[in-house]
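Shown below, as structure tokens, is a lone chain in the form predicted alone; questions about how it binds or moves come after it.
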């Protein structure tokens, strides 16, 4: 039997959308799909480390770094962000209902061998360095994503 392939482009930097991407990825991996999450643009924030990493950057790269959330747990909501109150409220409700927070979903994805790929072109545009991203991330361009997507049975853009 041929292995089914699921490919997800994570473009959004919103906490709730990233959560949906990882819930779908983990579910597909649990059903023995070969899963890839290709993070580009604001979706790369889910792959950022929480702590600042000392790397040499130009002025614009430093500005992008300061304006973007540092790590999955700092991402805002797509709706009802309310100057940062929305994510606090949703995390409280999630905890009450024993729902897994985004950083834990990312950890689970790694355990389930979901391939996490950072878009190198976007990293260059936003001034992100490999040292600033989580361990276990792969790096590739759009051609690599397209090669995988061509074989995929499920292709999602989130």
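Numbering follows the first chain given and starts at 1. Only a predicted model underlies this, so the values are computations on that prediction, with no experimental measurement involved.
Quick note: we don't show the form predicted together with another copy of the chain, though the next part is all about it.
Q: In the model of the complex, does each residue in the set 80, 125 and 154 place a non-hydrogen atom within 4.5 angstroms of another copy of the chain?
A: Heavy-atom distance to another copy of the chain in the model of the complex: all three under 4.5 Å.
Q: Would residue 108 sit within 4.5 Å of another copy of the chain in the model of the complex, counting heavy atoms only?
A: Contact with another copy of the chain, no.
Q: Is there a heavy atom of residue 34 lying 4.5 Å or less from a heavy atom of another copy of the chain in the model of the complex?
A: No, residue 34 stays farther than 4.5 Å from another copy of the chain in the model of the complex.
Q: With a 4.5 Å heavy atom cut-off, would you call residue 53 a contact of another copy of the chain in the model of the complex?
A: No.
Q: Classify residue 150 as contacting or not contacting another copy of the chain in the model of the complex by the rule of any non-hydrogen atom within 4.5 angstroms, answering yes or no.
A: Contact with another copy of the chain, yes.
Q: Suppose contact means any heavy atom within 4.5 Å; which members of 92-119 contact another copy of the chain in the model of the complex?
A: Contacting residues: 92, 93, 94, 96, 97, 99.
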